[in-house]
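In the block that follows, a single chain appears as structure tokens, in the form predicted on its own.
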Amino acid sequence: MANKSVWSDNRFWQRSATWVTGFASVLLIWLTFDTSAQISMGDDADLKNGVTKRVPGPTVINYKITYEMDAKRGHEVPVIGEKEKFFGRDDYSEEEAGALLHLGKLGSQAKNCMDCHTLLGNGAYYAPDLTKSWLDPAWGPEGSMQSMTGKDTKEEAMAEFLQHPSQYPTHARMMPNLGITAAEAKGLVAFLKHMSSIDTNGFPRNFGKIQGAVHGK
């Protein structure tokens, strides 16, 4: 009787499929737990103790956030610095900061921001990506947007623009007036600041090329 090739043996392929499926399942389970740990939100204690989390706690709005080049990783990463006033305060509790972020997140959904903008890789590209908008130097003390709105701080300039975008023409694709209230605008700005503190592995890739974005004020 002629020797049967292993490549034509159904049992070989059945066993191989079983082993590959089992290995892939174990790998996926491990990756799920690893990813969950990576993207779990930190808390106020982490920030006070200088513990870096990919997703910092809500009270990161009490701190200065900059964008710095990480030579080892080959791209920019958010860096959380010293305390910084946000709408006149730098002592928001976890409950207060969390409520602001929740209001901002709900506002971004209610106003359908992703119909035009991109948030953390989701949405559209009709209007600017908002993932790192808090770090955009245009909103800084020497930026055009802060000057245009006549406000003294970045957060106030952003809130003013969100409430009255038609008063500040900045682009051929004008943002419409969405009826955003002062409270909603404050929540949205808090949401944008927190989002800018998230380590997104250098996404969006071209943001760091904006003059002044890296090591910006």
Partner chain sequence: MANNHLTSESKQLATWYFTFAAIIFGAQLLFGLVAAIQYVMPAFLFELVDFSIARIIHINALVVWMVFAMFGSVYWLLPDETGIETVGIKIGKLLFWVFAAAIVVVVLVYLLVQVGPADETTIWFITEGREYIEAPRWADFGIVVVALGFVGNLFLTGMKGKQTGIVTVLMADMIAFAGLYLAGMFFTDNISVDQYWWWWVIHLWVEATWEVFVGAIAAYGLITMIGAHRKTVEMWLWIEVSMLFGSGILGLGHHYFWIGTPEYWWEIGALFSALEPLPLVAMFIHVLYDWGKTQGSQDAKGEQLSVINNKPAFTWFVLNAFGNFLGAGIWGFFHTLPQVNLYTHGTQFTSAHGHLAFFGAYATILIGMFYLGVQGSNGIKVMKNTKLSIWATSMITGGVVGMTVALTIAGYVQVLVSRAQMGATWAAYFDGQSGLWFVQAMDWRLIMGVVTFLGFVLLATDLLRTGKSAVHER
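Think of the rigid core as the biggest set of C-alphas that the two forms share within 1.5 Å after superposition. Residue numbers count along the first chain shown, from 1. Keep in mind it's a predicted model, so treat the numbers as computed, not measured.
Missing here is the form predicted in complex with the partner chain; even so, the following discussion is about that form.
Colleague: Any chance D152 has a heavy atom within 4.5 Å of the partner chain in the predicted bound form?
Modeller: D152: no, not in contact with the partner chain in the predicted bound form.
Colleague: Would L28 count as a contact of the partner chain in the predicted bound form, using a 4.5 angstroms cut-off between non-hydrogen atoms?
Modeller: Within the cut-off, so yes.
Colleague: Taking heavy atoms only, is T35 within 4.5 angstroms of the partner chain in the predicted bound form?
Modeller: Flag for T35 set to yes.
Colleague: Even though the partner chain is not shown here, does H171 get within 4.5 Å of it in the predicted bound form, heavy atoms only?
Modeller: Flag for H171 set to yes.
Colleague: Would T52, A71 and A182 all count as contacting the partner chain in the predicted bound form, using a 4.5 Å heavy atom cut-off?
Modeller: Negative, none of the three is within 4.5 Å.
Colleague: Once the core is aligned, does N201 move its Cα by at least 2 Å between the shown form and the other one?
Modeller: For N201, whose C-alpha is compared between the shown form and the other one after core superposition, the shift is less than 2 Å.
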